[in-house]
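This document opens with one chain alone, in structure tokens, the form predicted alone.
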């Protein structure tokens, strides 16, 4: 390689390296473009934009706070020490026959795996975990609010489902569907 060509390559490489400071310091990065657009179209439909704008998003209020816009009270501290006063006083705001199809759908999705399709505690997972039958006179004697509280907060080996069945009305519909199962199998009922 001729000596003059080597010098020319070294000169171009030197200028290229010296010019990198200008390129990296003065030319905007493509990553900075996202800061020029306040909201991307796909973000507008996301729950992350305004997660608490809707009352259907479950959240536990700080201890001692009072909800300003309504919502469900929190009785977990009472429930976890086996005090069922608030749970037993809950009144089912959904009519006993309202939304039974929705209750059956939710029961099949969240409950039947352990408690079985008929509530006998013979679901695929329930047999291994020892899920109790919901078709006993003792279970039928629980108040609607007690069963609702079990669905919301869990009890014993049962996990809470209030974050999965997050609409209050849907939790009550599961209670209503369970009551129809109990009425069909244990007799009596409404």
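Residue numbers count along the first chain shown, from 1. Small disclaimer: the values here were computed from a predicted structure and weren't measured.
Absent from the display: the form predicted in complex with a small molecule. The rest refers to it.
- Task: Check whether residue 153 has any heavy atom within 4.5 Å of a heavy atom of the small molecule in the predicted bound form, and answer yes or no.
- Result: So residue 153 does not count as contacting the small molecule.
- Item | the small molecule contact in the predicted bound form: residue 27, any heavy atom under 4.5 Å | Flag for residue 27 set to no.
- Query: Going by a heavy atom distance of 4.5 Å, is residue 76 a contact of the small molecule in the predicted bound form?
  - Reply: The answer is no: residue 76 has no heavy atom within 4.5 Å of the small molecule.
- in the predicted bound form, does residue 94 have a heavy atom within 4.5 Å of the small molecule? Answer no; every heavy atom of residue 94 is more than 4.5 Å from the small molecule in the predicted bound form.
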